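For this one, two forms of the same chain are given in structure tokens, first as structure 1 and then as structure 2.
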Structure 1
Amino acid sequence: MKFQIEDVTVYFPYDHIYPEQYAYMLELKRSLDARGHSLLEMPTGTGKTIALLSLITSYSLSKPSNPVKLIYCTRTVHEMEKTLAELKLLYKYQVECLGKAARMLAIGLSSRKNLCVNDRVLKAENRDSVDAGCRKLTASWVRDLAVQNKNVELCSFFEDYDRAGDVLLPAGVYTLQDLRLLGKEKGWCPYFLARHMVKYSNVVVYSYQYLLDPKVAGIISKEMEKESVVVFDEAHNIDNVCIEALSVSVRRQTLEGATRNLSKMSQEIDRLKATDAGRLRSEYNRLVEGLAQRGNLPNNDTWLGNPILPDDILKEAVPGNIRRAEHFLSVLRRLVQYLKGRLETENVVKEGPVTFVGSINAQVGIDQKMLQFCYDRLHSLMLTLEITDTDEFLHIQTICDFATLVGTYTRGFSIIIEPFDERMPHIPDPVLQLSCHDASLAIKPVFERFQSVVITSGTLSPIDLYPRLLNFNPVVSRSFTMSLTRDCICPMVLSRGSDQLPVSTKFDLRSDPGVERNYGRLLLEMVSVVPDGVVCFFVSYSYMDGIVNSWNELGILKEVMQHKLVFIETQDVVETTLALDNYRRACDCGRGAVFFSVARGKVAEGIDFDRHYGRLVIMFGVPFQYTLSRILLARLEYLRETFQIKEGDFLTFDALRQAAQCVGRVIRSKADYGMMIFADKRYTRHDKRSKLPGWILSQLREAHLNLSTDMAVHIAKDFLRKMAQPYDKTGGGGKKTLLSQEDLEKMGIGNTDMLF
């Protein structure tokens, strides 16, 4: 359908639209007009993504003189694929309406690991070896060498791409798969093609880090225009992503690896001195002139950029005492030695960056300026030494990242040294962590650089907390409710088992066999009445491991298996992916399955369990973070001091946004339906429960607040029976929940608020 929002003609690829989608677009459009940032919460299952895509691309089409570019950030690659699939639908519709004028070029961008088509490089196990494998074939000096020596191997895809010159892709939507196919067909390297096309495309879809993590953003995103609209979808965890982007941890293995790297480098330097001393000299001269970087590097030579934010990178010359390669190496050696010494501690140490830098200076004579330049200097040295197997040198890179970060920032960070893991005190595992507490640091350049940043998710409650955490002023900040055609979600709080004893994952009750049995009975009862897919979330891997084992001992698991197949998320990503794939197939073929997963795990982060893939979600327990973690404590302290946020409040907020996120994956559209069970007695408390997003709370009936297993089963049966009946999709009666083009035209502008 095609309709007007103020002066913009919106192309929407469906025949109908939800009223909340319309309202969402309206708010979005106003924030684009105002050239400001916005914060929008809309329940899952209301077609947020397509509303967003459709409005922003239409907005861009309506301003042909100054089209805005859309940078769409997703948390994961599979979400990226989903977004691109929706974008394909939209593009198809735009072409239908506009023909050639719908010039949309949208690409998904990912790492070499996901885009490479060179079989030899792909054989490598992990991402870093793929990156290194690529560099071995495409680095400029390798290619120079190949000109003289025919035996040097190159990547034919890259060579062909390079020969083809300034290639441009025709308009369209390119998923990673499409890029790979195209690459294979034309013989061009998809990765560099995609990197090249980022400049020309209207829509770029990639992962958060490509914008938030300075190491990656510095390489990929530095050329984005200011007139871009940046969207962070599913952004409820964005503060954590920001924090992680600026955090580094150092272990014993890191330091050992770094030592090895250093000796390898010093050998290289010695060799170079003997063969090609000129190269070292020219590097020195360049550094004297103040150029840490060698001008604009060709794309194929770059690797991870500076770990600090672009504004904080010094435009000065590298300090004199680390200009010479040998001097720099000895500085690094001293630093590694110092860190080794610090790791030998017996008790937990918590320090600020300033004191830490002070003590480095006092003990090994490395000042703050030198630390700050570590990363650039290392980068330059590695280029000079023409090192291609970068995956071998990750350890020393980590050390330099750490040094640069600790030398640059004085606030919002702390350094924590723990001799062992709190949970396993008998095993020594010293770790030194530089953890960032201030989420606003990493996202600040994004807010400053781009004219509109949209932060959106299904769960952003309480919505006033995010502007404080991220330190920005949204022009629009709104939380939408969901207009339901029928009561298609059924949240319940289960506080007691069938024997009326309370269930909880609270520390004192956690390993109580009675609680484990009650949880098991709950699952068993539920799998026998709920059709198709059932998803269970547990509070942590270790808890899940324990309870699944004890269910096995009790024979509960065996009984569950009589009703449904069981699939489990494990720490192995490959296995989990296959398990998920099988789970979907089991649901598709009607066998039915149950999936065990972990809140805060990879599955909870972005896999949808919509339609028959999830008719019921059970959240076993409240997914609090591990509260004794030093890092968390340090962060809580920072939050209290800076934002006056109470520890308890933040922990509850964080746990419940995770819980809401887990259960929210069950619904995708209003035709869909699903149940959610919060199985913990702590959910009955108002202070916990009230932190759930409004769209769940509004469906949570008074009578469903304190259930036991048998009552929950009864309600579930009732609900499923009700949902199986045919119903009127447009939601007859007073409120319309599905609008056609006609309805929209009749409604006109201005009175949309009446819908809510």
Structure 2
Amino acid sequence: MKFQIEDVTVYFPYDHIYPEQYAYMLELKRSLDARGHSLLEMPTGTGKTIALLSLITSYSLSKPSNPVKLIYCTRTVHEMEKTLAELKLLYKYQVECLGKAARMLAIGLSSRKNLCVNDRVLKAENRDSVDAGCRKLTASWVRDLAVQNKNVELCSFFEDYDRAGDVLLPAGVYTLQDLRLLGKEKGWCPYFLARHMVKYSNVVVYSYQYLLDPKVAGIISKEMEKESVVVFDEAHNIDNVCIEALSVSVRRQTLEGATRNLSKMSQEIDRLKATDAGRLRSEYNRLVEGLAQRGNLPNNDTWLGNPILPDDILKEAVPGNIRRAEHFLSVLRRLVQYLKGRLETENVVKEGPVTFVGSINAQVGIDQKMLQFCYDRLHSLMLTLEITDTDEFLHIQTICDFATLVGTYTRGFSIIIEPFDERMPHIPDPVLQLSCHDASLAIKPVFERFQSVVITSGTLSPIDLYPRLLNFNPVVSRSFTMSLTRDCICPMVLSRGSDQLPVSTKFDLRSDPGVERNYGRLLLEMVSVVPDGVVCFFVSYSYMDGIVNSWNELGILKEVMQHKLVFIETQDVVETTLALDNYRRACDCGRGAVFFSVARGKVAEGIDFDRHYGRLVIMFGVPFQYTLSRILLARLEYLRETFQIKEGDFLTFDALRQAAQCVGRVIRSKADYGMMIFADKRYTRHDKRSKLPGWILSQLREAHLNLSTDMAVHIAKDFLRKMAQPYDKTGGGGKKTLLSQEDLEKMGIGNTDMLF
């Protein structure tokens, strides 16, 4: 369907649109017009992705003289593929309406591991090894050597791509699979082709890291135009992604690996001195001039960019005492030795970056300027030494990453040294962590550089906390509700078992046999009345292990298995994938299944349990973070002092967004239906419950707030009976929940409020 929003003709590839999609587009259009940033919370299963893509691509088509580029960031490759599939559908519709004028070029960009088509390189088991395998065949010095020696192996895909010159793809939407097929067909390298096409595309879909992690963003995203709209989809955890991008952990294994790396580099330098001293001399001269030449490296030689954000460091010259390769290695040896000494501690130590840098300077004579340039100096040296197996040098890269960050930032970081993990105090496992507390540091360049940044998700409540955490002022901040023809979501708060004993995962109650038994009885009662799939989320792996063991001893698991098969998420990705696959098969064949999962785990973040795969989700407890974690305590202190965010407020906000994310997995469209049980007495408190998203709260009735197991079973039976009745999808009788083109024309602009 085609319709107008103010001066923009929107091309929408479906015959009907939800009222909230239309309202969402209106708000999005306002923020694009204002050239500002926006925060939009839209319920899951209401077509958020297609609404975003339709509006922004149509907005770009309406401004042919100054089109905007869309940079769409997703968390996982699975989400990226889903977005590109929607985009394909949209492009097909735009071509039907506009013909060649549709002119969209959309590309998905991922790591070499997901795009490479060279079987020899793909044999490597992890991403770093695939990257290194690629460099061994494509680095400029390897290719120069191959000219003289025909036995040197190169990548035929990269060579053919390079010979093809400045390749331009025809208009269209290219998924990762499309790029791989095109690469095999033409004999071109899909990874370098995608990297090259990014600057010519109207729409780029890639991972958060490509914008938020400075090491990657410095290479991939440096050429993006200012007139771009950046969308962070499923961005409820964006503050954590920003913090992880600027945090580094150093263990004993890291330091031992770094020592081995330094010995190998030292041997290489001695070999170069004997065979090709001119190369070391020319590197020295280049460093005297400064690091501004970095941008001129060929694409296939670029390694990770600088882990810090300020641009001015690249315009300075490298300090004199680390310009010579052997001097730089001696500085790194002293730094590694110093860090080894710091790890020998028996007490927990917490320091600020300024104190830590002062201590390094006093003890081993390395000043802040030298630390600041470590990463770039290492990068330059590895290029000079022509090192291709970068995966073997990850340890020394980590040390230089740490040094550069600690030498650059004076605020928003802590150095925390722990001699052992508090949960296993008898096992010595010292770790030194440079922990970032300020999420706004990583995202600040994105807000400053691009004209509009859209942060959107199904769970952004309470929405007013995000501008404070990320330190920005949105021009639009709005939470949308769900328009329903029938109440297809049934949230319940269960505060006690059938024996009226309270249930909770509070620390003093969680291992109480009564609580474990009541949780077990709740699951047993529910699997006997709910058809198909049931998903259970626990607060942590250790809690899940403990309670499942107890249920096994009590014989509850055996009884559950008579109704449904049981599958469990583990920390092993392959095992979990297999468990999910079998869970789906059990639901498909009518046997029914229960899936045990963990809040904050992979399943809670990215797997949908739509239709019969999830008719009920039970959240056992409130998923608070481990509150004795030193890193969390340091972050809470920083948030209190800098942004005046109280500890309790942040912890509750963080726990409830995780709980909402878990239960939101159960409903992925309006034709779907499902129940949500929040099994913990703390959810009855208003300060906890009010932080859930509005679309869940609007369905949570007063009568469902303080239930026992038997009452919850009665409500579940009643709900399932109602859902079994046929219903009118378009919404007869008053409120319409599907709008056609005529409805939109009749309604006119500005009357969307009457639909909610």
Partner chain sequence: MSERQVIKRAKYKSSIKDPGTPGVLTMKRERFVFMPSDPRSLMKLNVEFRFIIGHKFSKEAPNKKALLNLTQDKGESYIFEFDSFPDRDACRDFVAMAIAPPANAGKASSDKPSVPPSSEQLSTAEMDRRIKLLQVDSELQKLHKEFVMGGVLTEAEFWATRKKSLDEKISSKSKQRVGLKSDMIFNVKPSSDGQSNRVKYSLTPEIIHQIFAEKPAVRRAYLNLVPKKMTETDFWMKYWRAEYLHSTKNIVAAAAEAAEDEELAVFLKQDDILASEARRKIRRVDPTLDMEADEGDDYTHLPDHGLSRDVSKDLTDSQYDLYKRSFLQDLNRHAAVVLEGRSVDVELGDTRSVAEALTRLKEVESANEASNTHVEQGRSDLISRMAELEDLQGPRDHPVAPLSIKDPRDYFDSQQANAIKTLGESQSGSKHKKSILNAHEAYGSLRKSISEIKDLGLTDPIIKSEVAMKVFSELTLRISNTKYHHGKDPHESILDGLPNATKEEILHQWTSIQELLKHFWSSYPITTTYLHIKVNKVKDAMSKIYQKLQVLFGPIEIKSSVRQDFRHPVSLLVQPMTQALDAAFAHYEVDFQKRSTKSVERPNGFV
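Here, residue number means position along structure 1's sequence, counting from 1. Whichever C-alpha set is largest while still superposing within 1.5 Å between the two forms counts as the rigid core. Computed from a prediction, not measured in an experiment: that's the story for all the values here.
In this pair, the copy labelled structure 2 belongs to the form predicted on its own. Once the cores line up, the CA of D588 ends up 2 angstroms or more apart between structures 1 and 2. Core-superposed comparison between structures 1 and 2: the CA of L169 exceeds or equals a 2 Å shift.
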